[in-house]
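The form predicted alone is given below as one chain in structure tokens.
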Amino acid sequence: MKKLLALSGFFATLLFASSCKEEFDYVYYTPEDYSLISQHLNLPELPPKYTAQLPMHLSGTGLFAPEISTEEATLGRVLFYDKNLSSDKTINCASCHKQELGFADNKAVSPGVESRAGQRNAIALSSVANFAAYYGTDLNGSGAIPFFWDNRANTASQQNLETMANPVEMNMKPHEIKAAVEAQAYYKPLFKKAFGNEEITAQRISQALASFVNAMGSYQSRFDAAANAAFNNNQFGIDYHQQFLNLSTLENRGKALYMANCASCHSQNFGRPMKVYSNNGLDETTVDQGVGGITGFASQKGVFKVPTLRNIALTAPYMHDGRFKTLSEVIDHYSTGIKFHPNLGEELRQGNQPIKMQFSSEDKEALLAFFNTLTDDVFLQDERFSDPHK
């Protein structure tokens, strides 16, 4: 018996020592590769995971985040902030999607290469709970939410290739993108980790950028904490109309107004939006045809993507053309400014007349208070999504 115990102890010690040795000896990058990377980039020796862990109040509804490749997302992070991917080396993805602004821009329309003006406001990437959870047909099938204000791109890869090629944004052809990345020696070990070898192609560049964007998501706001607390008190799910104990009286009043007037398009839990596109009565006629400009359908002319409103307090100016400078102006529009349009959303019309919500000054104050609960400071300061370039 003593001999068996001694042998057991010996093997346990051996296993422990072996596991410690493996942990101690394990390196993610070779010393040579990490030395090269560290000359140019602030990347940790062991990259963090990028797969999102959605809160229970969202996952309890069936929303889940598929696994994201850590290696591809790490490479995508470097590419997202690389100005070499634009023709005049002045623009990167983050030029229009700034982390401190909820991955939006504070300009109505962001300038591209050589200060060329685009047509639409940069969409806030922090407005979603998680891109991989419901954006992109490659991850979520035919029912997925598409990209761009006019919903013309079906995947994150298609979206970034179009953006890099757009002559008023980054103005780069695929072979130019490939050459720009090949010119930076530190990309080779990153590509080897992501794809198994050092070969650099435009498609791999696009795939890595897509993995980085697909990993993005905002789900750690005060609203999420309050919703989770309510969910934990009711294992069968929650009614988002109820008073949340973790929100103030004013914030709960704003939430009630939102649920009554806005949630039918933008969603109750700020997960997946309820509508893919709509017209919200900005104008009686529209020069920018939106989704209809892509499909050619008369019923879709003047309609645009319906986003969720996470981090909305940080992402001014608002609307597809950035016409509203403040969130108060947006609330005023829905209160008294909705105009009739042939394709005005059914939630905003009664026959041929627009429905105006007639918010009181107290209502507006409450709505603003509630919208501030959607700010996710954790995501806005998450180093995994910050600029790694020195």
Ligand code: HEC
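The structure presented is a predicted model; accordingly, all values stated were derived computationally and were not measured. A residue's number is simply how far along the shown sequence it sits, counting from 1.
Below, we turn to the form predicted in complex with this ligand, even though it does not appear here.
Stretch-level contact check against this ligand in the model of the complex with heavy atoms at 4.5 Å: of 306-314, 238-246, 184-192, 217-225, the positive one is 306-314. Of the residues given (Ile200, Cys262, Leu101, Ala230), Cys262 alone sits with a heavy atom within 4.5 Å of this ligand in the model of the complex. The contact residue chosen from Val291, Ala129, Val213, Met172 relative to this ligand in the model of the complex is Val213, the criterion being a non-hydrogen atom within 4.5 angstroms. Contact annotation for Asn280: at least one heavy atom lies within 4.5 Å of this ligand in the model of the complex.
Remark: Gln159 counts among the residues lining this ligand in the model of the complex, judged by a heavy atom distance of 4.5 Å or less. Among heavy atoms of Ala65, none comes within 4.5 Å of this ligand in the model of the complex.
Within this chain, Arg204 is remote from the site of this ligand in the model of the complex, having no heavy atom within 4.5 Å.
Judged against this ligand in the model of the complex with a 4.5 angstroms heavy atom cut-off, the residues Gly60, Val78 and Phe379 are out of contact without exception.
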